[in-house]
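Consider the single chain below, provided in C-alpha cells and representing the form predicted alone.
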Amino acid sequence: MSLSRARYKTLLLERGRLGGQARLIDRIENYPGFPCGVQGGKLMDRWIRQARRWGLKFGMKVAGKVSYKNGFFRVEIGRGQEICARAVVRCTGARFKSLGIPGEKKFFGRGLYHAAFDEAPRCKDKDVAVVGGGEAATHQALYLARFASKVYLITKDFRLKAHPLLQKRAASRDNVVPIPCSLVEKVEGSRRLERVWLRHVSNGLRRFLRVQGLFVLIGKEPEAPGIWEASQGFFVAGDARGDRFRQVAIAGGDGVRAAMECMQYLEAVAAQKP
C-alpha cells in the first residue's frame, strides 16, 4: 500500500484470501485505534479498501522461484509465466508448527487443525482439546469454549505463558479444563480423530482423552520461501522475518518499514540512470 501511495506500480501476489491468517482472528484487542477491539476480517477489509484506493493491484497467484539478473527480479507464478520487477518484498507470513507425532498427518483436517475460528461452530456440544500455552492457544481455547461442551487446554509447562488478561479469562470459564505438564504423544481414531494420548512430563504417566477435535497451537515458523536469490532490491517484512514477537500491529508497521527501504532503493536505481 505504501509503495502504491508513492506512485510505484505495485502488484500483491496472494495465494489465498486477502488478509491471510489475520482475517481468521475473532477479535484483535491490541491494535491501535479500536478501544473495544476489532474482528480480524473487518480490519483486513479496511486494509484492502485503503490499498485499493491508492491503486494497489492484486494477483491471486502463488509465487515460486525468484531469480535476479541484470537489475531485474523474475518471479515464477506457474504454467511458464513470470513477472518481472525492479524490487521484491517477501511477506509470506509464518506457518503453524507441527507436533511431529504419529497420526498427525492422517487426521489433519479430520479432527486435527491449527486455526479454530473456522471450525469452532462445528464443535458445538463436543469435547475438544487445544495444545499450547501461549496467547494464540489460550485465545482460541476461549473462542472454542463458546461452542464446545469442554475444552482441554494442554500445556507442557506448569502454567500458561499467555497475557495475564487471557489467563484470567480462561480461569473464569468452567468448561476450559487445564492439563498442565503434559505432552501429546499420538492421536488415534478410525475415520476421524477420537483419542489424544498424553504423557506427564515429570512422572511419565500416560493417559488418553476422548475428544472430537485437537487444535495444535505450539508456535509458528517463517513460511518456506521456495528458492529465493537475495540481492539488492529484495526485502522481507512481517512474520516472514522470523522475529519472536508476532502481532498484526507489528507486521503492519514492519511492512511500512520494508516499503520505505524499497522506495529508497528504487530512488537510488532511478538516480543512476543516464
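Treat the numbers as computed from the prediction; the structure is a model and nothing was measured. Quick note: we count residues from 1 along the sequence shown, nothing fancier.
Form predicted together with a small molecule: not shown, discussed below.
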(request) Could you check which residue among Leu142, Val131, Leu193, Ala136 gets a heavy atom within 4.5 Å of the small molecule in the model of the complex? (result) Ala136
(message) Is it true that Ile83, Leu266 and Ala270, all three, sit within 4.5 Å of the small molecule in the model of the complex, judged by heavy atoms?
(response) no
(message) Can you work out whether Leu13 and the small molecule are in contact in the model of the complex, taking contact to mean some heavy atom pair no more than 4.5 Å apart?
(response) yes
(message) Check Arg257 for me: does it contact the small molecule in the model of the complex (non-hydrogen atoms, 4.5 angstroms)?
(response) no
(request) Could you confirm whether Ala249 comes within 4.5 Å of the small molecule in the model of the complex, counting heavy atoms only? (result) yes
(request) Check whether Thr92 has any heavy atom within 4.5 Å of a heavy atom of the small molecule in the model of the complex, and answer yes or no. (result) yes
